[in-house]
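Below you'll find only one chain, the form predicted on its own, shown as C-alpha cells.
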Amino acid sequence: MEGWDAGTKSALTQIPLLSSRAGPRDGEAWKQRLKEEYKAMIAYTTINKTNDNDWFRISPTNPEGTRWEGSCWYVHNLRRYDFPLQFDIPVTYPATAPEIELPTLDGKTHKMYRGGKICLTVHFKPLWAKNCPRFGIAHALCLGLAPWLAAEVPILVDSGMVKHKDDEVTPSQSSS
C-alpha cells in the first residue's frame, strides 16, 4: 500500500475481502461469490457516502451477474463530468480482472483500448493477480477505475477532448 493516499488506504482496508474462488461457470459457487461481491460493493458504497466521496452507481444488468452497467463521475475545477460505465465478468474470473469500459471516452486517450476499455495492465493487473481471489468488483473500482479517472479526466478536460455538458452547444441553442 506504499504510494497510496490515505483515503485510498482507508477505503481499501474497509472493503471486505472475498473468499470464494468461483467464476460465472461455477453454478452455485458463483452465486455464493456474487453474494460476497454485493456485500463488498455495499460496504464500498457506504464508505464513499460516509466520506462524501460518492462517485459511481453500478448494478448487474442480467440475473447471472455477469454484465454490469452504471455511471461514474469525476469533479474537476468544480465541475462534474459524468461517464457511462460497463463491464462483463470474464469467464476466467476471479483469476482475470474485469475490463472496465467507459464507451463515451473511446479514442480520446491513449490509455484506453478496444471500445473504451481503460488501460489497467501496468499498475492494477499485477495487484489483482497477487490478491486473487480476495479482490472483487469493488476493489477493481477502488484501485483501478478511481485512479484512472483521477489521472485521465483532468488531462482530457484541459486538452478539450472532454467538454462539460453545460459547455456543449445543441442545435437549438446555435440557431437562436
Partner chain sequence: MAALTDFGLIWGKIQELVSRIMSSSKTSIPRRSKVKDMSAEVVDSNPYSRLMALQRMGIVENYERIRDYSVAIVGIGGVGSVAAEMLTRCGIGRLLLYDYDTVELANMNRLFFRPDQVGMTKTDAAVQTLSEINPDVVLESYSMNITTVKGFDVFINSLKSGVDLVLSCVDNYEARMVINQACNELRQTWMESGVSEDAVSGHIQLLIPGETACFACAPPLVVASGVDERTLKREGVCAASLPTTMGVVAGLLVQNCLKYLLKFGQVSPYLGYNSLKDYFPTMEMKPNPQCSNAACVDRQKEYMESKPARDAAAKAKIEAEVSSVIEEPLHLDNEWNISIVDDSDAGSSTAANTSSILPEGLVHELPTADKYSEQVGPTVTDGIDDDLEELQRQLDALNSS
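This structure is a prediction, so every number in the text was calculated from the model and none was measured. Residue numbers count along the first chain shown, from 1.
As for the form predicted in complex with the partner chain, it is not shown, yet the points below apply to it.
Looking at residue 18, you'd find a heavy atom of it within 4.5 angstroms of the partner chain in the predicted bound form. Remark: residue 13 counts among the residues lining the partner chain in the predicted bound form, judged by a heavy atom distance of 4.5 Å or less. The shortest heavy atom separation between residue 77 and the partner chain in the predicted bound form exceeds 4.5 Å. For the chain shown alone, residue 143 is not a contact residue for the partner chain in the predicted bound form, no non-hydrogen atom being within 4.5 angstroms.
Contact with the partner chain in the predicted bound form holds for none of 9, 108 and 153, as no heavy atom of theirs lies within 4.5 Å.
Along 72-99, a non-hydrogen atom within 4.5 Å of the partner chain in the predicted bound form is carried by 88, 89, 90, 91, 92, 95, 96, 97, 99, in order along the sequence.
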